[in-house]
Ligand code: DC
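The chain below stands alone and is given as structure tokens, in the form predicted on its own.
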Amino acid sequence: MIVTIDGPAGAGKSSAAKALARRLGFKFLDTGAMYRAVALVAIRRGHDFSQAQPLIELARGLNIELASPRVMVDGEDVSDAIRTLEITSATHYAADNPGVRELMVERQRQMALGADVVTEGRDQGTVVFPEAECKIFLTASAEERASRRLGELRRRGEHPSLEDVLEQQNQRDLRDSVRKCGPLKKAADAIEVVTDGMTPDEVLARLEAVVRSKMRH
């Protein structure tokens, strides 16, 4: 069974999807981490993001493993390195590149072959797994999402202002929704879950209930 969880930045998809996969005994695919990994390596190598084709070649040469909860690139654990504000700001160069996206979508489908999977991102239910048995669109208000993201960054030792986080998030929302390949949008057959005011345990319980109801049908 494939369970897709899509939604905007800061909606809590990664933590919720990870917890749901553990609860169900499914494999977890953090697809956003793949684009973050490409951006990280590109920055380390001094890549010029205005050059689209070299970024595709760079991405093609990377061995990205989603060994939940760790993210590995060419054998290096980059789980923390890909979560900084710098990488968050640059990830759209990888995510908006049609060639990089095509590569990553193919890899995501390969990872899910023959497995029970919870996968999260922006286009999982619409582009990557349009035939998924269970599709969820996880969202929250812009203020709630920015506040959660700020908490994550502070726990990692970064201290931006809430205004800066909200502005960057709004830019990401706009880019995600208007890009030509894999834009953020709710699949027609997805169940929307709004998490404002919900604890992580409440979100997990709601998602599990949605999936188990699909399993029964």
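For every residue, the number given is its place in the sequence shown, counted from 1. Computed from a predicted structure; not experimentally measured.
A second form of this protein, the form predicted in complex with the named molecule, is not displayed here; the remarks below concern that form.
Engineer: Hey, in the predicted complex, does residue 95 get a heavy atom within 4.5 angstroms of the named molecule?
Structural biologist: Answer yes; at least one heavy atom of residue 95 falls within 4.5 Å of the named molecule in the predicted complex.
Engineer: Does at least one non-hydrogen atom of residue 122 fall within 4.5 angstroms of the named molecule in the predicted complex?
Structural biologist: Residue 122: contacts the named molecule in the predicted complex.
Engineer: Is the gap between residue 107 and the named molecule in the predicted complex 4.5 Å or less for some heavy atom pair?
Structural biologist: Residue 107 lies outside the contact set for the named molecule.
Engineer: Is residue 91 close enough to the named molecule in the predicted complex to count, meaning some heavy atom within 4.5 Å?
Structural biologist: Looking in the predicted complex, residue contacts with the named molecule include residue 91, since a heavy atom lies within 4.5 Å.
Engineer: Between the named molecule and 32, 101 and 179, in the predicted complex, does every residue show a non-hydrogen atom at 4.5 Å or closer?
Structural biologist: Affirmative, all three are within 4.5 Å.
Engineer: Taking 4.5 angstroms as the heavy atom distance cut-off, pick the stretch from 65-73, 24-32, 186-194, 38-46 that is near the named molecule in the predicted complex.
Structural biologist: Among the candidates, contact is made by 24-32.
Engineer: Taking the named molecule in the predicted complex, which residues of 1-21 have any heavy atom within 4.5 Å of it?
Structural biologist: Sequence-ordered list has one entry, 13.
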